[in-house]
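Given next, in structure tokens, is a single chain: the form predicted on its own.
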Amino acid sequence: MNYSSPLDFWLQSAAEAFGTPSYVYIASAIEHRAAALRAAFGDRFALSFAAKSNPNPAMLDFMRRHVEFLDVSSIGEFRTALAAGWLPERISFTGPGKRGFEIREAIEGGVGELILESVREAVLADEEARKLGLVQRVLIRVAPPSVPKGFGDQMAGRPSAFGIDWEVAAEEIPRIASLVNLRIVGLHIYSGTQCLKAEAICENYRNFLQIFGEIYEAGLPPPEKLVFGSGLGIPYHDGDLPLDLDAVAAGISIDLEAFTSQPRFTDTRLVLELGRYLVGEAGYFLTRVIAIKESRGVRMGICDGGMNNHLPASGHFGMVMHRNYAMHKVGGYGEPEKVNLVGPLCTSIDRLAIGAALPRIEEGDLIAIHNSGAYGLTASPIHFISHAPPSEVMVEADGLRDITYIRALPLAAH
């Protein structure tokens, strides 16, 4: 695989300026991805960014100019989003474990929509809204009965903390509709993630459309907003084929047009909720080889960053079998040879690559792990063994910017 020298220039510059381990995000790559989504789907979808995929405040600020909405999954993310400049009415709040004080603060803070995961949560939200003398806009999350093959994390057709099961929706949605301090403005479905098959994604969206249609046949007022959990995947591993976004758009466009031509849906805004597809491929995790070891016939590179900084790359974030992330040796050329890359932690599960094919690595070499813009730093056990957290760097048109979110804790005095 060939890597452009401009990329390696920026990666090397980031490592020299801010040290390693570090995350580097290429702003132009995110802009191009958002533009590609709009070019593919036209005006059929508005875009919503899932903050949980990368809640760095600078990233949230950047995304304000590239997507219409933001979805948060905790009151902490809500606070971060407000501090980053997001208007509360552009924010939705999802997640199955919302506590009373979180719901109260979100409602009082003017959150655009609460996404309800259960009748219990609806009752709690209704009570908090009543105390505040408000009527809160809500979306109801529905857990569908099935998801097509080809999705990574599947959240349909099995016991789930997420949403109201489709099988009982006909009984439970009217109970929510009867709560006077809530106003149902739409529905939300997210049934699977990380799919690289255009046909499966289209089939999944058709399932969503059928569910939306059947629920609104039962008499709810026409929806203002219907949220599609995108499920769009990125090619994490060597050999993965990138998703054909144009094929997705071509395969579902007729269905979307037929759906929105129905009188009850002509004024409905369809929203595509995305995280990793917007920012994942724009990010690189940089780690430096601090030692080389030969052990029982295997060449190993011991790196200054490991699973404490990047749990997904180590294979411990929803991966059944470990597969190496795509990676390269920055500025490295030559015949590839197999090498194991491990982190600095005192555990045998701290591994970044097993049998990776890289040009011969030596002490001091810089390794870039691809597809690290989403679910990287904040999905990792950064406090394990008390190494300093990595830096975060944004590559923008005018150069590098330090956007480090989690700073090292000061060492105690001795």
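One rule holds for the numbers: they count along the sequence shown, beginning at 1. What you are looking at is a predicted structure, and each value in this text was computed from that prediction instead of being measured.
A second form of this protein, the form predicted in complex with a small molecule, is not displayed here; the remarks below concern that form.
Stretch-level contact analysis of 204-212, 274-282, 123-131, 217-225 against the small molecule in the predicted bound form, using heavy atoms and a 4.5 Å limit, identifies 274-282.
Comment: the small molecule is not present in this chain, but in the predicted bound form one of Thr268, Ser118, Thr193, Ser74 has a heavy atom within 4.5 Å of it, namely Thr193. Taking Gln136, Thr94, Thr287, Asn308 one by one, only a single residue has any non-hydrogen atom within 4.5 Å of the small molecule in the predicted bound form, and it is Thr94.
Using a 4.5 angstroms limit between non-hydrogen atoms, Arg141 touches the small molecule in the predicted bound form.
By the criterion of a heavy atom within 4.5 Å, Ser314 is excluded from the residues contacting the small molecule in the predicted bound form. Although the partner is absent from this view, Lys52 contacts the small molecule in the predicted bound form, with a non-hydrogen atom inside 4.5 angstroms.
Remark: Tyr375 counts among the residues lining the small molecule in the predicted bound form, judged by a heavy atom distance of 4.5 Å or less.
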